[in-house]
Structures are given as C-alpha cells and as structure tokens.
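Just the one chain here, the form predicted on its own, laid out as structure tokens.
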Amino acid sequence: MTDTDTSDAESTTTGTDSPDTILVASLAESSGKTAITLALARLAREAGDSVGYMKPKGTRLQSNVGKTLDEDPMLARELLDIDAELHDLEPVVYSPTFIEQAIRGREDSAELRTRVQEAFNSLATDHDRMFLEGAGQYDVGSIVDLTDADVADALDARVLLIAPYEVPGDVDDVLAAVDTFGDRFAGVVFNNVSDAAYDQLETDVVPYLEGRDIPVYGVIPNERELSGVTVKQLADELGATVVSENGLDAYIERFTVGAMGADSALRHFRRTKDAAVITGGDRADVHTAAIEAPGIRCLILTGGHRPSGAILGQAADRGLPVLAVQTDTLTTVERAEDVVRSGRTRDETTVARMQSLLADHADVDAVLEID
C-alpha cells in the first residue's frame, strides 16, 4: 500500500500541467486565420500568459516538394518571440509531393501523428497556452488521417472556427464543421463580413446558431487593408513594369480576365469592384472598357506589350495605374491570385490591426476562457 501511494505521489509531482490549447480552424482559404491566431496569442501574452505556436501541417508553400517552408510559422516565430526550430513549428510539410507519396502508401499516418505530438510536446514546455493554426481548410489532411479534427484529438485542443459569411446558405458549412469537430468545437468567429451581409448575420444568423448551442464569439467587419494587396505590392510581386503610376496605393481584392469583346467586357467590368483586369497588351478595346469601369483599380497588360499613348492618357486622366508584365495571361492570373491568397500584406501591422478588431468585435475573454 505504501509503495502504491509513493508511486502515485511521484507521478503527481513529476507530471507537468498541459497548456490550454486552441486550434484555429477555417472553412476556406484566405479567411484571416493566421492573423486571428497570432492576434489571439499576442492578446493572451499581454494578459500575462506564456504562449506557444504551432502549425502542424504546412500548406502555404512556395514549392511543390516543400523545400521552402510555409511562411506562417516564420511570421509567428518573429511576432511571438518564439525560440524554436521550423521543423517543430511545422512538423508536416503538406506539399503536392507529400500528398502523392501518401497516396502511394509511402507515408505512415501513425508515424505522422507521433511526429506532430512530439513536436507539440517540445514546443509546449513551460507555456500556459498553445495556439495551433489549422490548414487552409479544416478537412485538409484526410489522406493521412491528419485533418484539423484529427489534430485536435491528438493534441487535446478545443477548436475555434473562422468562417466567412455572404448568404444564409453559408450556415450549412458552419453546421457541417460543428458536427465534424464534435465535443472539441468551442465556437465560431465570422471574419471579413461585408457591410451588405453584416446586419442579416447579426440579426438572424447569430441568434439561430446560438439557439442551437453554437457559440458565436464575434463578427469581424471587412477591412480593406486586411483583405487585399496594394497595386504597388502586386507590381513588386509580379516583377511588373509600372507604365502609369497614378493610384498605386489602391487595394486589389480580386482579378478578372479581359478575354471577351469590348461591349461584353464593359458590362462584366461594371459588375465587379476593387478588381484588376488582366488582359493581353494588344487588346486596346478591352483596355478602354477597363478604364471606363468604376470598380476597376488596375490594368495589367500581359505578353510584354506596351499600351498606346492614347490608352496611357485615358488611364492617367482617370488615375488608373497600368502595369506591364512579360508573362502570358494565364500565368499572370495564377501568379496574381497566389499573391492575394498568400497574404503578402501579413505583417506585424496586420496582426496588430486584427488585435484591435478582435477587441472591438469579439468576446476575447470567452475565446480564451478568461473569467
């Protein structure tokens, strides 16, 4: 009896308390998940907690084979003053090559799970809280049984879901995620909500979800600075030549391809906003249509063509920047969309702004379970 008591006492004495662990998952790419994860971590640190960070699956890669690591852990290491190796912060590099190997049976799910757990244990030492960043979408990782739900189970984490909202039907996606996470689910934050959708979300959707015992911790309004890139940033990333310099501080949130006739192009361009038109440099009719459309913020000309003086004059009169690139239209579209998806505007200023938004529009104490 004495031996048993001694063993129990030693176990209790030598054991370490597990940190409170939150996994921030999302319904879609480019949801603001990184900014929210890091903003919550910094808010918890400001409240006096020691915090750690981990992204179990690296998905924002710069190469197919995963040799270039995900940028999110590098940003976290900088902003949270974390002294840890990237291979621990991001133990699984979920690259296209990795996925192909997994499909061929060359990746072992149990070994990967162990790798994630060991990295977590190393990072969590002496921390009060751990913040885990999920993949671009919460179901990524099914191939190796390492979805965000699997990670939450393996690391004993509660799950904060980041969701977009545009129309009532989007609630279906939230409910499906709630079912997937089960008892691990803690609540949802709606992010980047437009003015047009905000009132309906607050008036109808939030009460509906709360009536189903689904906590809604916050509704974050759209902030242009957090949802796009400036024309200047886009030009730098594309290696573009700026041939008309007015309006370089305008924000781009989406792209449209000018591959149709002038009349169709003008009708199409007038239905979009905060967009860049990407089209061949020899399509003067499309250039003119883009310049006339009020929602177009930039014209990107492909194929190494320089526009005519008349087009440049029209663009200058409207204050519309014009960029020229050497690549073809399809390649330019892919590269431009990658710039926006990769969140090149994410930096300390962005995270600080998200901290303010969370403080103003979300119940941070409830998220962090602070009494």
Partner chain sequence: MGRLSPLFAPETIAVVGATDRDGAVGRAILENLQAEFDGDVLAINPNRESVLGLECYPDVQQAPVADLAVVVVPPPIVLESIRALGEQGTKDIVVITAGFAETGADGADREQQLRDLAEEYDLNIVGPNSLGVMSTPVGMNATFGPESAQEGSIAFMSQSGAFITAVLDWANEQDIGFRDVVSLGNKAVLDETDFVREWGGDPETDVVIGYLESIQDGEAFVQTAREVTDETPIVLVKSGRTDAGAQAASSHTGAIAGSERAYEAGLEQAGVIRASSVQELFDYARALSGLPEPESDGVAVVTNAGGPGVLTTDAVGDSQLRMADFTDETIDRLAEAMPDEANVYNPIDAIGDADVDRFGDALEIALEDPNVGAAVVVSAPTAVLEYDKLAETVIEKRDVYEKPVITCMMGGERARAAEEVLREFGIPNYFDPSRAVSSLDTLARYRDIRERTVDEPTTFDVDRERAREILARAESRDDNRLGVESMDLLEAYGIPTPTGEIVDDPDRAHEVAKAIDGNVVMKIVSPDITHKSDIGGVKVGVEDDEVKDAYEDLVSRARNYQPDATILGVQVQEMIDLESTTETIVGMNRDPQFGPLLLFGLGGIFVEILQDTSVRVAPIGEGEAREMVDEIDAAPLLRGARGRDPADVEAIIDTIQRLSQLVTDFPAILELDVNPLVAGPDGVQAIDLRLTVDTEQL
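Only a predicted model underlies this, so the values are computations on that prediction, with no experimental measurement involved. Between two forms, the rigid core is the largest collection of C-alphas that superpose within 1.5 Å. Residue numbers count along the first chain shown, from 1.
Not on display, but discussed next: the form predicted in complex with its partner chain.
- Taking S244, T230, T147, T256 one by one, only a single residue has any non-hydrogen atom within 4.5 Å of its partner chain in the predicted bound form, and it is S244.
- None of D317, E46, D328, E334 but one reaches within 4.5 angstroms of its partner chain in the predicted bound form through a heavy atom, and that residue is D317.
- Its partner chain in the predicted bound form comes within 4.5 Å of a heavy atom belonging to A284.
- The closest non-hydrogen atom of R212 lies beyond 4.5 Å of its partner chain in the predicted bound form.
- The closest heavy atom approach of R271 to its partner chain in the predicted bound form falls within 4.5 Å.
- Contact between T288 and its partner chain in the predicted bound form is found at the 4.5 Å heavy atom cutoff.
- Contact with its partner chain, judged by heavy atoms within 4.5 Å in the predicted bound form, is confined among 115-123, 293-301, 138-146, 78-86 to 293-301.
- Shown without its partner, the chain has R297, S308, G309, A310, I311, L312, G313, Q314, A316, D317 in segment 296-328 as residues with a non-hydrogen atom within 4.5 angstroms of its partner chain in the predicted bound form.
- Superposition of the core reveals a Cα shift of less than 2 Å for E107 between this form and the one not shown.
- For S95, a C-alpha deviation below 2 angstroms is recorded between this form and the one not shown after rigid-core alignment.
- Taking 2 Å as the criterion, P307 counts as shifted between this form and the one not shown: its C-alpha moves by at least this amount when the rigid core is aligned.
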